[in-house]
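Coming up is one lone chain in structure tokens, specifically the form predicted alone.
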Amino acid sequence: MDAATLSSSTTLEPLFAIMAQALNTLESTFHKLPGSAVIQRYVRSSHQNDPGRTLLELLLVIFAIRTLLQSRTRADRKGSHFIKFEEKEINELVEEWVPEPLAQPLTPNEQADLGVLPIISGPNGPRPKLLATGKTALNLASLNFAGLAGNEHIKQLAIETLRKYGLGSCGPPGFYGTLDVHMDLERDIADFLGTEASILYSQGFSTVSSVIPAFCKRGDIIVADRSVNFAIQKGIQISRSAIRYYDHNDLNSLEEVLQQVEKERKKRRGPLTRRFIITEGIFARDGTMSDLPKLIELKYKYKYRLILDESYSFGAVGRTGRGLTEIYNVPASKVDMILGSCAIGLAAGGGFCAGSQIVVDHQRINGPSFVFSAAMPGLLAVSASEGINIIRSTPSIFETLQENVRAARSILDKVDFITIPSHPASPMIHISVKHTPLVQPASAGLLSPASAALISPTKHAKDQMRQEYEAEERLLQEIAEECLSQNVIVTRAKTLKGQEHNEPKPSIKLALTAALTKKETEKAVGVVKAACVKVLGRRR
């Protein structure tokens, strides 16, 4: 028996020698690979702590290799899993196929709205020429508060910049799209507002919808005004943070929400997460204005960061157009992030976020729109910088603008059929139909959360509310058309139906401008008043 065992061992010795040599060769080759030591330490640690995990990972590696080596386009050569059609059947199926429409067909109301849009002949501005009549109109529809649109000096600088740099930047700011004029504009904005730094975005809408998700992440808490604009709504949605709303422009409601958030955190003994208050300076929906000093007080009291969207207040209010910080004499450093629109405030394009150097630097690598969108054209950056220079050196622009605002309000406040929720200093004035039984449900979107929670309208009630909402919109459209017939351009406030957090009350939006004289403003607003009386007076 011993002799047989010895003979068997002698026979297998060459095989063992070959296997040992192969293993040694494989081991030496493995150690020559870059990073092999790291892999070896990982495998040893994994096997020592959990051998089952090593086996599972080995099986996964084998499965991955098998998948890669396997043909990705294995065809069924026999065709047993395919239906074979005759040529006639194929032709019939092709003829019967109807592609899905790219968009839903327009409703009759939408078609009617498009049909009455005024068409401008030549450049737009405070006094454009109407193509249909050839007459000059007074423009109260364009957001040109400081009157910079059509400025000849800015236009010449833009042409010179176009010839020097070309039209587009051809790349994102972080790649090769940044020009020296972009950096100049960022310094100009920061210096103008009194912040450490600022950052430019190519589009005004994507500014706020990019800044919010750059800082607010899953698990963070956002407390926002119930009537923030659509761009803020999209930014909040993208952030995936926990969102709490407070009643529109009601800071007592805001404080109640802040207290409730803190109570809930203590009750569940949760960690202290990042927390943000998000609101607007002048609200796009109704022209109301936030109480910035009170916001600052609540921010410090409850340890929140404040994101303030000044798209409709930068370049519009304040002695020199600096917005709410100038109106309330609040240092800009007390607002964590000030967002603004170069398109609205400076009649150029794009937007900005101003704040500390840390806030700005973080966005350069984490702001989706900044990272992935091409930088704004150089000519727009130069136009915006020159716009800042003009409003800095000509503070009388905003004296003229506020004089026009006061003149307009003195006319409109006397009209019985309308209500104006806008702040007295806001150059953007919203005109709504005064509450009547005919249009009562149109204000349902602005109910407080507590009141709204108690209302569960039936399907019939919802349909009736929708019909009356549309009836109110038609009245406002009639007013706009009546004004256009008198060579005054105004517009209804437009919203994305079905996509907004809540639908605002229908309104006509007047955008006053310093480019018109007081006499021209009184004439245009007088036409609006007469149109309101004519159209709304028929309901009595």
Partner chain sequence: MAVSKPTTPSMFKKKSGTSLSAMASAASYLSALSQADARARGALNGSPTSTPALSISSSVTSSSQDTVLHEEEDYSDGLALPARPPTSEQVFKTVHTEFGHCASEEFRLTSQHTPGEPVPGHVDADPPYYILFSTYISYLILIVLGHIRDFLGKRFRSASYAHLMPKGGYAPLNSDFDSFYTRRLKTRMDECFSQPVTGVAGRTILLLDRVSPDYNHTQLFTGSPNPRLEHLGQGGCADAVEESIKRYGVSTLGSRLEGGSSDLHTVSEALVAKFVGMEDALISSMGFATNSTYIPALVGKGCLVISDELNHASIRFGVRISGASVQMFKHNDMESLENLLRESISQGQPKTHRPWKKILLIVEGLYSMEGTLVNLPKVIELKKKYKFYLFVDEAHSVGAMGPQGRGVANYFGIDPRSIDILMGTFTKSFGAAGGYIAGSKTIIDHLRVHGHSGPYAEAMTPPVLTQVVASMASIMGVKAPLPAPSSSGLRLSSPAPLALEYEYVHPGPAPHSSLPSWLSLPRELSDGSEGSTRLRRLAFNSRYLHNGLIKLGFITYGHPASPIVPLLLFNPGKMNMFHTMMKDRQTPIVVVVVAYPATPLVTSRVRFCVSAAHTKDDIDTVLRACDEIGDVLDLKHGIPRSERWPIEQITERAVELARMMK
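Positions refer to the first chain, counted from 1. This is a predicted model, so every value here is computed, not measured. Take the two forms, find the largest set of C-alpha atoms that superpose within 1.5 Å, and that set is the rigid core.
The protein also exists as the form predicted in complex with the partner chain; that form is not presented, and the subsequent description refers to it.
Here the chain stands by itself, but in the model of the complex one stretch of 320 to 328, 405 to 413, 243 to 251, 177 to 185, 177 to 185, has heavy atoms within 4.5 Å of the partner chain. The single contact residue among Phe283, Phe276, Phe398, Phe352, judged by any heavy atom lying within 4.5 Å of the partner chain in the model of the complex, is Phe276. With the partner removed from view, the residue among Ser290, Ser373, Ser432, Ser198 that has a non-hydrogen atom within 4.5 Å of the partner chain in the model of the complex turns out to be Ser373. Leu295 falls outside the set of residues with a heavy atom inside 4.5 Å of the partner chain in the model of the complex. In the model of the complex, Pro424 stays away from the partner chain, with no heavy atom inside 4.5 Å. The partner chain in the model of the complex is not approached by His31, whose heavy atoms all lie more than 4.5 angstroms from it. In the model of the complex, the partner chain lies within 4.5 Å of some heavy atom of Ile159. Residues Val261, Val488 and Val533 are none of them found to lie within 4.5 Å of the partner chain in the model of the complex, as judged by heavy atom distances. Contacts to the partner chain in the model of the complex (heavy atom within 4.5 Å) from stretch 111 to 127: Gln111, Leu114, Leu117, Pro118, Ile119, Ile120, Ser121, Gly122, Pro123, Asn124, Gly125. In this overlay on the rigid core, Leu102 has a C-alpha that sits 2 Å or more away from its partner position between this form and the one not shown. The Cα shift for Ala132 between this form and the one not shown, taken after rigid core superposition, is 2 angstroms or larger.
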